[in-house]
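Presented as structure tokens, the chain that follows is alone, the form predicted on its own.
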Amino acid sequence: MNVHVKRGVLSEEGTEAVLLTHFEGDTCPTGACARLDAKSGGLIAALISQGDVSGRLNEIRVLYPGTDVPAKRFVVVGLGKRADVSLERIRGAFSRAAQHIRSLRVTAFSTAVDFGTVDLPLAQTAEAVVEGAILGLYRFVRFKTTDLTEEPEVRAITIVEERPAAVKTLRTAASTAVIVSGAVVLARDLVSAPANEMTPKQLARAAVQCSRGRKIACTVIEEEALRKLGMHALLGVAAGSDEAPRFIILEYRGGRRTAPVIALVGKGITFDSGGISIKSADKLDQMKSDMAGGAAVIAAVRAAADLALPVNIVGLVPAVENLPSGKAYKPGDILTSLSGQTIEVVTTDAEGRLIMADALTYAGRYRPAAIIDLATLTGACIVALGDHVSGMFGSDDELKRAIREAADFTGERVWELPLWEEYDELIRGDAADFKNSGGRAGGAVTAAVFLSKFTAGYPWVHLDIAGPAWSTKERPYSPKGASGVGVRLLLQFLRTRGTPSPVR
């Protein structure tokens, strides 16, 4: 997607479509919409007065101005009530509008980031406009050869700005939004790829590709080296598959040499059958998405490098398949983790926390200022919070606050759940230090409590993204299927916080 920012007058743009906005309750056009209306002889104002353009949130109207302006179409999208305007509403509205423009077989359109008086910073508004449009236009069609839609792709968006002082701001914002949106698209592509294509080896190759030409060092640790390291929890999960495991390390050093590292850890189960404790057939095809946390980490590190963020980051992705076979680990087995702590396997379908245990322990080698992990960890989190919200757990109040603020800004909602000591008893092992499942009661909490035992006391937040990582229906700027959740949240956190708290 090419996004251009140019100094000019929107009413003079010779384009297939101009995208404009209108607020519900406004009796006349405002901002750029008002100037286009004046140029077209009051066409939009007349339709507003007749009630044909209401401004209701995400309402779309296509108008044909004739010969008064060089643009062939006005596409007017509603932003809802002016008092309720937000970055999230703007993302959603521009997503729906861009999709509608594509349905008109239009491959390029122009717009302006001028909605009249709104209490939002210009740069943030521009980023929301571009993110909404790019992410709303996303489609995963790599494997389609028949029944392809006849709608051509939108290839270019032009933002036109009359004010000279605002052009530079808009160019920077648009460039940032393209990078961030591109990272989300990468994560969606990785998660959407079928498990026969996206194996641990292929996920590692994708990470290596992301490092090329960037200030990123990528190391991939293979099976024998993992055994020497002592990552036996990870290796236990991988034992049932013919696909060998990989441990992916991405290091980006954008901060001072002496500045501490922020560790991002993402679960990378490229397919989860449940192992010996096999899952039911229902939705088993969606278990290719069990590496959504790992995909988010890879994409976020790539974008951090492209944005030249002044932070030091390490991204860690344990990548394995969880399959049943004669070699597979079994309920009742005891695994010795990288930390030296032992784990009694109650169910092989609680595999994510095992590979994350070794990855979190490895993160401690960097003496990180913070550890943030993302994992499609538990169905219990979906039961508790639904499929729009990630469960948040953590050991550090300041870090949790920063994550919550980033989530509120990006619209990737999180909700904190407790890590009270009373839950420890539920994961205490009978024949080992811990067991890998505390049972059905409080399943998301006991999984997080288990992970906490491997964070070595560093400031830590765990995000259970099981709900929003994969959607069964389309949402504004997020398609049915892989959402790329967590990428924008992580990047917003990294952009605004840098190093969140000192090493303890």
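Position 1 is the first residue in the sequence shown; the rest follow in order. None of these values were measured; they are calculated from a predicted model.
Note that the form predicted in complex with a small molecule isn't included here; everything after this is about it.
By the criterion of a heavy atom within 4.5 Å, Gly429 is excluded from the residues contacting the small molecule in the predicted bound form. Although the partner is absent here, Thr199 lies well away from the small molecule in the predicted bound form, with no heavy atom inside 4.5 Å. Remark: Glu162 does not count among the residues lining the small molecule in the predicted bound form, judged by a heavy atom distance of 4.5 Å or less.
Heavy atoms of Thr376 reach within 4.5 Å of the small molecule in the predicted bound form, making it an interface residue. Residue Ser437 is the only one of Ser478, Ser40, Thr455, Ser437 with a heavy atom lying within 4.5 Å of the small molecule in the predicted bound form. Note on the partner interface in the predicted bound form: the residue among Val154, Ala174, Ala402, Ala380 having a heavy atom within 4.5 angstroms of the small molecule is Ala380. Residues of just one listed stretch (230-238, 124-132, 213-221, 266-274) have heavy atoms within 4.5 Å of the small molecule in the predicted bound form: 266-274.
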